[in-house]
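A lone chain, given as structure tokens: the form predicted on its own.
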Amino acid sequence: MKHQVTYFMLASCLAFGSLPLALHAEENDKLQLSGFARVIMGYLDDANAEYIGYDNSVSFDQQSLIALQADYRFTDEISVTGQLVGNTGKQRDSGIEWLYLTYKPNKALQIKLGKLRIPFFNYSDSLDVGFAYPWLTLPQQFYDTAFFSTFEGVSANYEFTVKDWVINSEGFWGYYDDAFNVASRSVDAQVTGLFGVNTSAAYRGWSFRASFAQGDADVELPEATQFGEQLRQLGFNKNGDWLDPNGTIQFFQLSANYENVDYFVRSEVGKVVGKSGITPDINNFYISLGYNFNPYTLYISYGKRKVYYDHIPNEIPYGVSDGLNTLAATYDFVLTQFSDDKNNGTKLGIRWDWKSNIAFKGEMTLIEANGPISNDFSLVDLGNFDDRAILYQLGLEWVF
């Protein structure tokens, strides 16, 4: 992970500021330490597939993690926050998840500068904090859509009230320069010109949210880039351009939720638009219903995702020469690696809040695929998958 000079300075402030304050915590309340942890066991009942890293064996090392967070307040208006996360799963790297300065000149306005969570969705800020949401695993048909979850830049948040409504508006700008995992492969990527806006409104038990984000992606896929350049040199520009992995990506999100003491309804709808040929368009949603009977919560959830590519016809002719035959066949083979993907997941689970900061969860997720699987997201076909599997999970959530 690449850290800039700004973050080195912030880390130094946090480290040197924490040392004396830790020694005088009772006298000086400027430093706040907290953390959270998850221990999750999972088992997939199909030997021919993987789902969010789980296979046909009992595993504790896909989603279990521990995190420590330090908040240091320089003044009433300025503070610094750092969060270190240790992940056991291969899909996520361990390291600094948050590191930012906060400037809050009044109760309504808040400005952050540094490494931040990118606010695509309702639970973007609490992706790792399982205690913050009812499910054991977030609905993957929706939350596995974003290829990255953090960015480096600035965000501004403004909150105000209108009668019984609480309105919150946020804007952010920055960039991403790191690697993300696609089909168990680490891919280097840069996203520049990254910006977005979101607005949420809460009225009694109701809450609504709408968000938009956009960035220009530069993805390092040398095989696709080199093959595309070869096609363009031979005059097959459309097919060559389709293989260019770089282009603008747009994210759209809407949500509506209702909750009272006894039950809740939570839902989100999303859309991803990729301008590059090998970046898919994605439509997805989930809806979840839950019933609270303290200290337990029962819930059921259904999510669906449609991934589709704008495949263009092969303009390379067959039958002209052996060289062109090979080129055309290679292009057709490449297209098969970018197949449309439709799958859905149905969850049934229970949560037991044993203590105010400890919860136990049990969850069963039925995963169903409708046709070929792209292998670029949470569901991976290992061969002869019959399009249906069940993931069983047990978990402990802890905040401290």
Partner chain sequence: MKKYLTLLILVAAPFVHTIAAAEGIIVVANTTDNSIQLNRQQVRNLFMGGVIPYDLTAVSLPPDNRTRVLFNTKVVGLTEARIQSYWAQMRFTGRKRAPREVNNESLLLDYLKESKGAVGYLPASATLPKELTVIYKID
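In this text, all values refer to a predicted model and were calculated from it rather than measured experimentally. Numbering follows the first chain given and starts at 1.
Another form, the form predicted in complex with its partner chain, is not on view; read the next lines as being about it.
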| item | value |
| --- | --- |
| Any non-hydrogen atom of Arg351 within 4.5 angstroms of its partner chain in the predicted bound form | yes |
| In the predicted bound form, Leu101 touching its partner chain (heavy atom, 4.5 Å) | no |
| Gln69: touches its partner chain in the predicted bound form, heavy atom cutoff 4.5 angstroms | yes |
| 4.5 angstroms heavy atom contact with its partner chain in the predicted bound form for Phe160 | yes |
| Listed range touching its partner chain, judged in the predicted bound form by heavy atoms within 4.5 Å, from 362-370, 42-50, 335-343, 29-37 | 29-37 |
| Residue among Ser211, Asn239, Gln83, Thr145 with a heavy atom within 4.5 Å of its partner chain in the predicted bound form | Gln83 |
| In the predicted bound form, the one of Leu234, Leu289, Val269, Val129 near its partner chain [non-hydrogen atom within 4.5 angstroms] | Val129 |
| Residues in 108-131 with any heavy atom within 4.5 Å of its partner chain in the predicted bound form | Ala108, Gln110, Lys112, Pro119, Asn122, Tyr123, Asp125, Ser126, Val129, Phe131 |
